[in-house]
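Quick heads-up: it's one chain on its own, the form predicted on its own, in structure tokens.
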Amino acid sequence: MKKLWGSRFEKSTSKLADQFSFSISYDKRLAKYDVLGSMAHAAMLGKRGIIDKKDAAKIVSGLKTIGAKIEKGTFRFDAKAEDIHTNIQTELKKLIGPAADKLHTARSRNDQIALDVKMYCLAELTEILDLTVGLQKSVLKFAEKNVDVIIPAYTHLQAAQVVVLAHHMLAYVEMLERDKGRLMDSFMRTDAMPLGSCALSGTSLPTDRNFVAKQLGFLQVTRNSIDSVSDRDFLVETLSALAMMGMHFSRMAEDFIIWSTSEFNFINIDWSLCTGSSIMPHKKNPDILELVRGETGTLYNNLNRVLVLVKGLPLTYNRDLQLDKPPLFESVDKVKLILQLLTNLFETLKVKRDILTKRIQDESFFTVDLMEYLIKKGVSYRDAHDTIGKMVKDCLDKGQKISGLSKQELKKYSEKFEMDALKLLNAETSVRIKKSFGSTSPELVKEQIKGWKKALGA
């Protein structure tokens, strides 16, 4: 197949060089955006009189035919084509003849690929944002269904205090909301149209870049032709946002992996998201969540690949930038799949309420409540902490319940203690007495759920 740049060369590149350098195997994913960008560009060339209007109409018509084939999955991607631009250009010429040779007027593959990747990112960011909202809604529905469930909460994986399960779920919603903010930030900085910058310096032809931007739905036009063809910040930023999402996915997965163990046994993960053992018939393994946790490394690696790729590149375009697409495509695919899997997880997850009810009987969960009881009576924080610490050492560490102490025994620890302090030694009271905004108070959690449902249109 004739290369777009081949007329100047004395001989063809070797088969080995072609095998090493051709990108059609992966950049064919950009075919849809290449066609759309070319249609807008051809319309602009005709409108501005840079090429004959009839030729421009022929080009647009031919590209529509190619675009329809791409949408139907009937377009033939040619492995002998250097890249998707060459593939489409060649097919266009077969369709409409010599008029196709005018399409590349006032553009380069440098600004063309920047356009294609930006259009791809904008479309995928939109879809990922929608999937993220879907996951948030699924989490909220699960939280609301289990709003009366109280669970142990941990620091250092050691039992700490009790919280409402829905409160824990809302932490995931908050994490995902920050992810959405980063995705939207990336969208905003991607939404600038680079086509018309040509190789690096622009063109002497009377183009109208704003017309092309409007045709393609871009918010603005890039301001510097050098930066336009060399910039991959938007791609790095997208990969960064996806990597952080992966970190959040991994933390969610880890919580549920731990909660599903026989040692914790708080939840039941649906069979459809688990696998078995080839040797141990009793096993029900949370393999899907383990893979979610593992794929976070892939998302980190893809970000690092592109950061390393661009770190030493001189301005402007360098062929190294061809290699930015495989990590982008892989990260986008994985995040979209994980979002759907996690949505399914929350839709099918079951809580073992009876197990949790027994687990939250442990009086060590309520030591802070006892300490704050003394603080409300005028005891300093340090003295209150020391008092409850001694009580834990004398009672809980020896297997005795604090709730079994008499009034006289309580008074030995502090004269401020009355028998009403023992009413604090249960989970329902512990969560109910929390007052601070953002805390685990059931009433506050219900208000948070109500607010999120309104914000997300759930």
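When you see a residue number, it is the position in the sequence shown, counting from 1. Because the structure is predicted, anything quoted here is derived from the model rather than measured.
The same protein also exists as the form predicted in complex with a small molecule; that form is not shown, yet it is the one meant from here on.
Of the candidates 225, 203, 110, 190, 110 is the one whose heavy atoms come within 4.5 Å of the small molecule in the predicted bound form; the others do not. Out of the listed residues 305, 325, 334, 182, 325 is the one that sits within 4.5 Å of the small molecule in the predicted bound form by at least one heavy atom. Note on the interface: of 64-72, 391-399, 22-30, 425-433, the segment with non-hydrogen atoms within 4.5 angstroms of the small molecule in the predicted bound form is 22-30. Mapping the unseen interface onto this chain, residue 118 falls outside it, with no heavy atom inside 4.5 Å of the small molecule in the predicted bound form. Contact annotation for residue 209: none of its heavy atoms lies within 4.5 Å of the small molecule in the predicted bound form. The small molecule in the predicted bound form is approached by residue 85, whose closest heavy atom lies within 4.5 angstroms of it. The shortest heavy atom separation between residue 350 and the small molecule in the predicted bound form exceeds 4.5 Å.
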